[in-house]
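Next up: just one chain, as structure tokens, the form predicted alone.
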């Protein structure tokens, strides 16, 4: 088997493990944020429904957290087994980011998780709320360090390359690289948005099935209120991320837009609504173009110049052009779908209010929220496909090619490990859905009594 085929196998393995693993941390972030809101509302209002919501949704959180931890472990080892040359080349920065994530994020999250799950009757209310806040902070910090490291791979900065290694000269410049702000914010808001549509979709399912509908209207309301903020914000961040790619990664920008020829001065670049890019012919087999729109999107002017793929050496162009083209459009289309659901739901509230019966009178809208649950995940996965495949053929953009960062391994070893990971992840996924299905069918346990208020003197009493 050729060296390129072995590299492709390592890429396929990492892509598989990454696309599976990323499903879980995003919900960990989104659900932890939601649990903080629930517990804060419980402490403020003393409404026991919020306490029961916190206990109910925390079960999904711990299931999700467990699968996320187990599925993420192979990725840590892959940097040493499959990508040893990359680790040697960039370890002075990339290794530090992974170390910060483990020491400053995962340990914070794991350290307070036990209190959050089992400390309801054992610690004062404020201490428990603080533990929930620390778990949420740890989850978000984890995303910060990981996406910061990935952003550096997209736009390397803060050092020099000598003797086949990256040497950090300015750690702040490396961390605050050009892609960092857009990359981190876009990913974090995506996690919150996924949390909204998981909570909202599952709450809508309970309301539609008339299973504790009055109870689940409260979680549905919180999900909608957060969605009012994050869905338009995510569209804004997506636009900013796209313009950042235009400035820093012109090959990726041209690939996701199916844009082959740089427009001449005074003539705006057209935007391909749909097309079929063909790398072999260095053009699109066919396309439906909207005049001037690509210049408007990328430069916010009608005649801004947008570099085409034909002006980029063939060996530096991203692969899998149809995949990039349609993954990007699917992500954008789902983003506007979720935004549309939010607008229609907000209009529905103004017309009919929050009562469960009024939502049940519009089953199509509840079903739209249920559909939004898997669609939010699909949009996130498509975003990572665009981000990572679009960076190719570079593992560190413009500096180190993916083929140069791979380990020299027998193809049989990689094939064996892919098979092993596939079996492991299948077991994890099946186990998760079995337990999650049991959790969903059982519903909330409304018989649990909230812990009593602890007075300053240490005596328990007050409202529950």
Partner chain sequence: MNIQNFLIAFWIGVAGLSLLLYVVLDGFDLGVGILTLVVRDEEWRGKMMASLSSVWDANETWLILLGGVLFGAFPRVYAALLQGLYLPVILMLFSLIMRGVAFEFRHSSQRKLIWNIVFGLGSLGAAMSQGLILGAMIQGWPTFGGNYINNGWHWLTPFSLLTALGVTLGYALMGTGWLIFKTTGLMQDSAYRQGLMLLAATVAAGALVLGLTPSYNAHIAALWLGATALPYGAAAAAAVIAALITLWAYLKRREYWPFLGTLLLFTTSFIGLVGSLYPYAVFPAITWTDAASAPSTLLFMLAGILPLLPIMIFYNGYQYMVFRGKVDSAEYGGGEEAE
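Positions refer to the first chain, counted from 1. All of these numbers come straight from a predicted model, not from anything done at the bench.
Although not depicted, the form predicted in complex with the partner chain is the subject of the following passage.
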Exercise. Every residue in 137, 370 and 405 with a non-hydrogen atom within 4.5 Å of the partner chain in the predicted complex?
Worked result: no
Seminar exercise, completed: Answer key: of 344, 115, 225, 235, within 4.5 Å of the partner chain in the predicted complex (heavy atoms) is 115
Exercise. Among 94, 188, 260, 215, which has any heavy atom within 4.5 Å of the partner chain in the predicted complex?
Worked result: 94
Exercise. With a 4.5 Å heavy atom cut-off, would you call residue 164 a contact of the partner chain in the predicted complex?
Worked result: yes
Exercise. Residue 438 near the partner chain in the predicted complex, any heavy atom under 4.5 Å?
Worked result: yes
For this session: State yes or no: in the predicted complex, is some non-hydrogen atom of residue 153 no more than 4.5 angstroms from a non-hydrogen atom of the partner chain?
Result: no
Exercise. Wondering, does residue 33 line up within 4.5 Å of the partner chain in the predicted complex on heavy atoms?
Worked result: no
Exercise. Pick from 38 to 46, 423 to 431, 396 to 404, 25 to 33: which stretch has a heavy atom within 4.5 Å of the partner chain in the predicted complex?
Worked result: 423 to 431
For this session: Note that the partner chain is not shown here; using its position in the predicted complex, name the residues of 170 to 190 with a heavy atom within 4.5 Å of it, in sequence order.
Result: 171, 172, 175
